[in-house]
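There is one chain below, alone, in structure tokens, taken in the form predicted alone.
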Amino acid sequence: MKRLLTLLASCALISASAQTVSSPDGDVKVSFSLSQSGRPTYSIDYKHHKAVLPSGLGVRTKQGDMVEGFEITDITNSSFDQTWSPVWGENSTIRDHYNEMAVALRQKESGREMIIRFRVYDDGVGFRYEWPEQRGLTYFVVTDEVTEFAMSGDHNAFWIPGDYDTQEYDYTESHLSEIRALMPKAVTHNDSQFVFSPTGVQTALQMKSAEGLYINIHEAALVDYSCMHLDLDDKKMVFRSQLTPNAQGDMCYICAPCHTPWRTVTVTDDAREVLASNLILNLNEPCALEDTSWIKPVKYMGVWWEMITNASSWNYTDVPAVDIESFDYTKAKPNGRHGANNEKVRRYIDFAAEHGFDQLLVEGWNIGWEDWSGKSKENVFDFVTPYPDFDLPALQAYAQSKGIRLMMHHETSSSIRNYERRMDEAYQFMVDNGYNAVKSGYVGNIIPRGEHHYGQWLNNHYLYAIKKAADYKIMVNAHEAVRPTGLCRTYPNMIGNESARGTEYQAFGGTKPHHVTILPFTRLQGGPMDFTPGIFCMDLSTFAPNGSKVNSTLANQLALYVTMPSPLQMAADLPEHYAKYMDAFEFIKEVAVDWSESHYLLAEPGDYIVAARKAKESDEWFVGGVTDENERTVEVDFSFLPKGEKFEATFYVDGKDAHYATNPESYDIYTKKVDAKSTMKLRMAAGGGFAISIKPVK
């Protein structure tokens, strides 16, 4: 009998230390166990490949470490299968289908309880830490999260440095073993007030193994927690979570019951499935807004690119150290370069209205731009007072008479207290003056000083701004904010974000051509980006003192409206530049910004992407293809089209002599009949691409 009891106890121990859960299709499998020291560990297999080797889990707090000494008290398995409809997006419906395993743990010595919950989808895994309500653990301070992601080899990776305050980097492609050597030793931020020395890399991190496995690490539903970066032990090829600290060096202040964001691993052997994945969105909560009828996708222009290129200025006068509470702008001498003036804005309104745009962004309309950056100034903007040469009521009325709206701009200069104390007034001002969308910005060092853009405190602010905007039925496009983690499902008025190196950097020295073939695998995994494409004049020295050049062909710029989908798309160039190429501009006018169906036809991170999408509530399709610095020819299969129907396709392609560096504005346009049986070889020049508009033949 004693031998039998011992055998039964041994079997129970093995069962408790080797638990598995698989995806609905069986291709993805998570294994969970406790090490000899009682540390939770997990691994992920995909088909016959090791995607994540056994990796440790745990959290360190000021109240005691929750890393080792655990025992399993319960394991709960469940399944979920539901289809939901986003307010906007790449598809009109999304399937949320997973198998779940929740492992309840108890730390023997402290008695603390923790749950690790795994959700396994056909395209990857999400897991998070949860702390139920319990005696002895209510308020606690996270000092470190020791979540590991052990890789099976020296994978190829597409990465940017683990900066706590910006994602605006060009991507580096290298093996994992090369990251440390290629990491910049020091980064001076825009306002030059401090130097940052990166150590890890940022998510979403895209990798490819030698066996052809595509692995992507990110996070979902980042709420009331610090943003995660990844620190790499390049000897063992193990990533460990690296949270963004606050001004005191702590990571998070939390109170049970609570949970962390989801840590996500997308895994597949087909790069197209990474782009098509809804893992991040599905791990977020359903829409929290009862009424979403006021949330509408937007195609817009802006008085913006001319300021970015230094052809005009945001500020009305050049007087330094302006006190917005007492300075009399009506008596100040104008600098003659102010972009947001009545005459110019009317001209932009006329052009945008003539060509069917929804809104016009105007930056630099409000007082305070004279000393807004690099001064660590708290009371920098009031968000409601226009400059003397910007007649807001008259311009808004003029815009509305033309059938479009003006889009608001709130640059906070990262003075968070100033923005929050003025937010209700600013949003009500928008409502009173006919605005329903705002582009917000967070340039510079954060005030309170010492806080970072991606820390818990700022993440809470960004969500506060989104929720507050929803109270006023305002859509938000946040720049310089934390990278998206799918919260646009829960709050779809978060219609856009920047949070990466956008088109503006083409005016600051240029961006590598491969950048746009990587962003959909990385930054766009968590939500759409306000990338601001549509540049037609690539040599900026022809109209601005900035001598930079845009590293793209004109056809590539058109393709971005399809390969980088967003419900908020800008035609970023100047009206006079579009006037030179009106036949190509026709694609920007026609392309949709909201979709009912999306297909990724070809994809390889860092090399090329070809996508096809069907416009919502329309029978029209659009296709876009982009390549890196290498010229290539791809074969496009039109089998995504409905069978038995005929279509006319208009092709916007690189000219025979097109090249991003030497002849970027060379393009050809032609039409052909296509159907679901059609295939076609299309050439993309170096840094180039193609765009196709497809309409049914009636």
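All of these numbers come straight from a predicted model, not from anything done at the bench. The first residue of the sequence shown is number 1, and the count goes up from there.
The same protein also has a form predicted together with a further copy of the same chain, omitted here; what follows describes it.
Inset, instruction - Quick one: find which of 168-176, 151-159, 476-484, 240-248 has residues within 4.5 Å of a further copy of the same chain in the predicted bound form by heavy atom distance. - result: That would be 240-248.
Inset, instruction - Give a yes/no on whether residue 377 approaches a further copy of the same chain to within 4.5 Å in the predicted bound form, heavy atoms considered. - result: Looking in the predicted bound form, residue contacts with a further copy of the same chain include residue 377, since a heavy atom lies within 4.5 Å.
Inset, instruction - Decide whether residue 540 counts as a contact residue for a further copy of the same chain in the predicted bound form under a heavy atom distance cut-off of 4.5 Å. - result: No.
Legend entry - residue 457, heavy atom within 4.5 angstroms of a further copy of the same chain in the predicted bound form: Residue-level check for residue 457: yes, a contact with a further copy of the same chain.
Legend entry - Residue contact check: residue 421 to a further copy of the same chain in the predicted bound form, 4.5 Å heavy atom: Flag for residue 421 set to yes.
Legend entry - Triplet 318, 429 and 441 all within 4.5 Å of a further copy of the same chain in the predicted bound form via a heavy atom: No: none of 318, 429 and 441 comes within 4.5 Å of a further copy of the same chain in the predicted bound form.
Inset, instruction - Name the residue from 498, 573, 123, 451 that puts a heavy atom within 4.5 Å of a further copy of the same chain in the predicted bound form. - result: By the 4.5 Å heavy-atom cutoff, the listed residue in contact is 451.
Legend entry - The single option of 75, 255, 210, 579 touching a further copy of the same chain in the predicted bound form, heavy atom within 4.5 Å: Looking at 75, 255, 210, 579 one by one, just 255 meets the 4.5 Å heavy-atom criterion.
Legend entry - Members of 138-153 lying within 4.5 angstroms of a further copy of the same chain, judged by heavy atom, in the predicted bound form: Residues within 4.5 Å: 138, 139.
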